[in-house]
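Same chain, two forms, each on its own as structure tokens: structure 1, then structure 2.
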Structure 1
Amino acid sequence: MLQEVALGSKSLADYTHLSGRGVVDEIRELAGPLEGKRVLHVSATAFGGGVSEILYTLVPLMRDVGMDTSWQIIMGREEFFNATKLLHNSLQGDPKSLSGEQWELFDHYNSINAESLEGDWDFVIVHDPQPVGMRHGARDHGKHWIWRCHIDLSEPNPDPIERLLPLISEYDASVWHMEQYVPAGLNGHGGVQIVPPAIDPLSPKNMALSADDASYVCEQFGIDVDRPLLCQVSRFDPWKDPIGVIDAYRDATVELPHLQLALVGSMATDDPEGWEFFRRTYEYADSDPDIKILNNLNNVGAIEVNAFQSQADVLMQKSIREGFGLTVTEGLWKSRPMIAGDVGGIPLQIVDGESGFLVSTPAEAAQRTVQVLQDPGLGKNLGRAGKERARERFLTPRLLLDWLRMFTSLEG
């Protein structure tokens, strides 16, 4: 059986003055004719990662505007999720793909999940590759089927994408963060839609924290709140380049000897590669007392992430490769000057020199850090512009509006 996710309620009205009345009015207008429509979201997990972060807000808001909306989690044993982890990596270019036996497991779990799907839905939204095969076996349960892809499929390993393309093409529409992420084989397929993700401005991670609360939290992690703080919030992953952040920090301390650095990153306990990279980052910091490296074993949850993002004088996201970069959106929303890698979804969020700085090397990141810290007016202006960009484009009500537009057009 698919497992229903229990959710609290949220009210669109609470977002009116943060997102602006325009978007809320448009939502209400489109939601009218969709009232009572049955919407099902299907995903692989309810915990961790961007998909669940988004659905915890989007699903209650869909309900609030009148749609009968459900979120269900597929079932699978470890063997299935081991295969889909490989699938996830290979779809993003890892040369290692699934074995014949693992493809059989993939098909098997997709078909038993399809068989256990119940009800008649107006819209079924299937998130990410793990359950992508479900439409094949359950098409009669849904009038419109939409596949929502949260990852970059522009440079996949050819084996998995050849297996998935026929499955994706069966959907009435597929939805992507960015045009560049749509695999070549899908071009021309009528249902391709581009919709970037969004953050919830009222969630514990993004709600306004007072400066006092932010510094109170950071102080407990050894930050001297009277000295400038540079911070990156990210998993410990080579693509997030924490080593490059340390280089940038060291370079910047030549001019700003009082600067401190915090690297805040959560770790999956079952991710040995992540821990190995964490260890390398830790060694690279070389016991510098002004570099704080924190992970979830230090109890860093949403409020702590919020506090570090709010407290930082400069936020960095020095990624070398990035899907969308929700941490960038989170930083912009907190009006912080953001210095980030010129890759993936980051340039969509930061207009260089206007709402932050885009960089490609640690030296550039250091130079921009020094520039911002020596000119508080500049940091303030970048932060303000960044916040307005996040408000206009990357908050959940805008995402809800995009979904309603899609439903309306599918209903014809």
Structure 2
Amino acid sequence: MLQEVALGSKSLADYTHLSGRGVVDEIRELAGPLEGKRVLHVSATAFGGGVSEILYTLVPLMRDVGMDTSWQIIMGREEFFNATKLLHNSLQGDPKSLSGEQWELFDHYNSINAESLEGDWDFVIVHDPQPVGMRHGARDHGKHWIWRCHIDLSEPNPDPIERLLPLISEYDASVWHMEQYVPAGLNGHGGVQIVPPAIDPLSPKNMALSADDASYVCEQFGIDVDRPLLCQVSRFDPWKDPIGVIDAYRDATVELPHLQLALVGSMATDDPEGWEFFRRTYEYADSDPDIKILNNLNNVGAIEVNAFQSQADVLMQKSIREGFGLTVTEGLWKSRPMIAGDVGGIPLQIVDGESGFLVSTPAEAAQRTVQVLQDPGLGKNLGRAGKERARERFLTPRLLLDWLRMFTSLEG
């Protein structure tokens, strides 16, 4: 059987003061006719990355408004996740693609997971490419099947898209962060939905943390809280460009010699490439005592990430490809000045010069870092505008509302 993810409870009422009474009332109204509907989320991992963070909140909130909702994890060995990591990269533009043998592995594990699915569900939501083939073998277990894409498909390698389009087309609906990500082969498909993701403002990673608590946590990891701190929180992945962040930091220290850098990330179970890139990043730092490279195996959890983001004088997300960039949303929510790559879903969140800065090179990132640190008033204004943009557009109740609208539409 697929592995069930154990979850705590959450109450929609707790979010009213953040999202507003109007949003909560609309959620309640839409949820009424859907009470008792069985909803299943299927993903590759319950740990590391934006998908799992979203589901740890979304699933309990779906339960709170009356739906019988579960979250299950697919099964797979290292050979499968090696292939799907390559698939992930190729869908984001890497010229390498899966071999014939790797596609056979992909189909094999999707077939096994489809056979392992049990129960009858009103809505089955399959997240990302790893389990996309499940509907083909398990369609009788779900009334409505939805595929949710969380990655940047704006410039994909054409080979994997051609291979996956027939599988995606079998779904009753497909959900994308942006219209630019929808492959040309799905144009005219009536089930295409555009829904940006969101963060949980009450989770340990995003809840309000006092300045003293943030400072205390950062000091435990060797940060001098009396000196400026630049921080990027993300997976250790070439698309997140931590090496480019180190280059930006080194350029900025020419004018700001006391600057420190923290690269903070988590190692996900479906990302075998992560350890190799973590090693490369560590070597590139060249034992600089002012560069801290940390992950969940250094006891960096949600509270620690919150502390680093809250303590940082500048937050960065210098992605080369980015489906959406929830770490950008997290930084905006904490009122920190954010400098991020002008790619993917990041420009949805940052209005350049108003709620942060968009950059394309390490040199631009360094220039903006120096500008913000030399003008504290600018940093505060960017932080305030960024938080309000996150509050209005990218909190979980809005995401729940979008899902309820989709369920209502599919039910007719």
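All of these numbers come straight from a predicted model, not from anything done at the bench. Please note that residue numbering is based on structure 1, beginning with 1 at the start of its sequence. We call the rigid core the largest set of C-alpha positions that still match within 1.5 Å between the two forms.
Practice problem: Only one of these is the form predicted together with uridine-5'-diphosphate (UDP), so let me know which. | Solution: The form predicted together with uridine-5'-diphosphate (UDP) is the one given as structure 1; the other form is structure 2.
Self-check item: Among Arg393, Glu354, Trp103, Leu30, the one marking the hinge of the rigid-body motion between structure 1 and structure 2
Solution: Residue at the hinge, from the list: Arg393.
Self-check item: Rigid-body rotation of the smaller part between structure 1 and structure 2, in degrees
Solution: The smaller domain rotates by 14 degrees relative to the larger one between structure 1 and structure 2.
Exercise. Give me the C-alpha shift of Gly301 between structure 1 and structure 2, core superposed, in Å.
Key: Reported C-alpha shift between structure 1 and structure 2: 3.0 Å at Gly301.
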